[in-house]
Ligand SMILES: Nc1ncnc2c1ncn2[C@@H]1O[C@H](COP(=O)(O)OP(=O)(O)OP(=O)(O)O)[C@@H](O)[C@H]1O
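Only one chain is included here, represented as structure tokens and corresponding to the form predicted on its own.
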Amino acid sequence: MKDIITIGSITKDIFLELDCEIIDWPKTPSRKAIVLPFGEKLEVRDTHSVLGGNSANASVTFSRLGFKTACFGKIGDDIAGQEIKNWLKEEGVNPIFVVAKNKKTAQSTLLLNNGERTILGYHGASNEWVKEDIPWLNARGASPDSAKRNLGSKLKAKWWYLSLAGSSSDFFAPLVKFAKENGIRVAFNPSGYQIKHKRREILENLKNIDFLVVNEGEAADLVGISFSKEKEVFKKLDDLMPGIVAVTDGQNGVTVSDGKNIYKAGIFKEKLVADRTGAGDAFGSGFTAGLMETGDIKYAIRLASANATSVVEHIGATPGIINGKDFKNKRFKRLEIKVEKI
């Protein structure tokens, strides 16, 4: 049996490093835009082709930290899909993939400029699951025993790490039900899409989630309370779930609740910021790994923060993921964590 299986999105990420003009543009959330001359060829400084997608990124964390790991998701029958399989195998991760007949493997092209990026994403097979992809599940939960013994047996583990996007989020409730029935602990990182379209379903299933990780905006959207009322947000989440909740705030760090105490921590100082892609995945998977290893929240915060810091120092979501030896580096020994009783 695996220690953990990650379930969700899987992509191939291609980074293009280039110099481009950045202008003010009020129609975007950042109020900034990049300018690329139409109909011309532009010089690219460098390229990087790496593993991507929430599920794949998280699986690398768990494997590098010594856990028996598998990654479940959907790819296309193409070269990109085979590359992803090979990358995961090189990382010691067992790829358990459904192969789409009519969709290509998800790919993203990221235009990278001084640590910030614009993402051109093709979700492809990764986000478009159908019931045939998981034949042992139906709308109400488990399907006949014969089907369970096939794919269902491969997906049994001590833990699951769920991060579902697009139509794959339709399988959230049945997956959580199966996990509950089979004694599988669940760490959950919902996508913005899932919170927007499946909010009520998420709230109803939090009672069976062992660890929830979201950012401040997602936490506010999930419970319908502005994060300016932080205590109310955590009280609502603590009432809905028995497990641990981590709410991240980028460079400002994280706030964690276990229903008894509130933990607050900043971040480890980065040597440089090469690319912020995958920092959230690194934190969520690092925290889960810490819980799996020791059950200690302070340890989990420190491991998660170290992983996220190392990731942003590299281009791509997986090259900077740490292993056990990296975590013993003196730069990750101390992180101030304040604890308050609720």
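Note that residue numbering follows the sequence shown and begins at 1. If you're wondering where the values come from, they're calculated on a predicted model, not measured in any experiment.
Quick note: we don't show the form predicted together with the ligand, though the next part is all about it.
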Only one of 64 to 72, 303 to 311, 289 to 297, 45 to 53 has residues with a heavy atom within 4.5 Å of the ligand in the predicted complex, and that stretch is 303 to 311
My question is simply whether Asn261 lines the interface with the ligand in the predicted complex - judged by any non-hydrogen atom within 4.5 Å.
no
Please check if Phe171 has a heavy atom lying within 4.5 Å of any heavy atom of the ligand in the predicted complex.
no
Does any heavy atom of Ala279 come within 4.5 Å of a heavy atom of the ligand in the predicted complex?
yes
Hey, in the predicted complex, is Asn94 touching the ligand, heavy atoms inside 4.5 Å?
no
The one option of Asn215, Asn205, Ser108, Thr118 with any heavy atom within 4.5 Å of the ligand in the predicted complex is Asn215
Go through Val254, Leu164, Leu222, Leu175 and name the one with a heavy atom inside 4.5 Å of the ligand in the predicted complex.
Val254
The ligand in the predicted complex reached by all of Ile267, Val273 and Phe283, non-hydrogen atom within 4.5 Å
yes
Residues in 235 to 250 that come within 4.5 Å of the ligand in the predicted complex by at least one heavy atom, in order, are Thr248, Asp249, Gly250
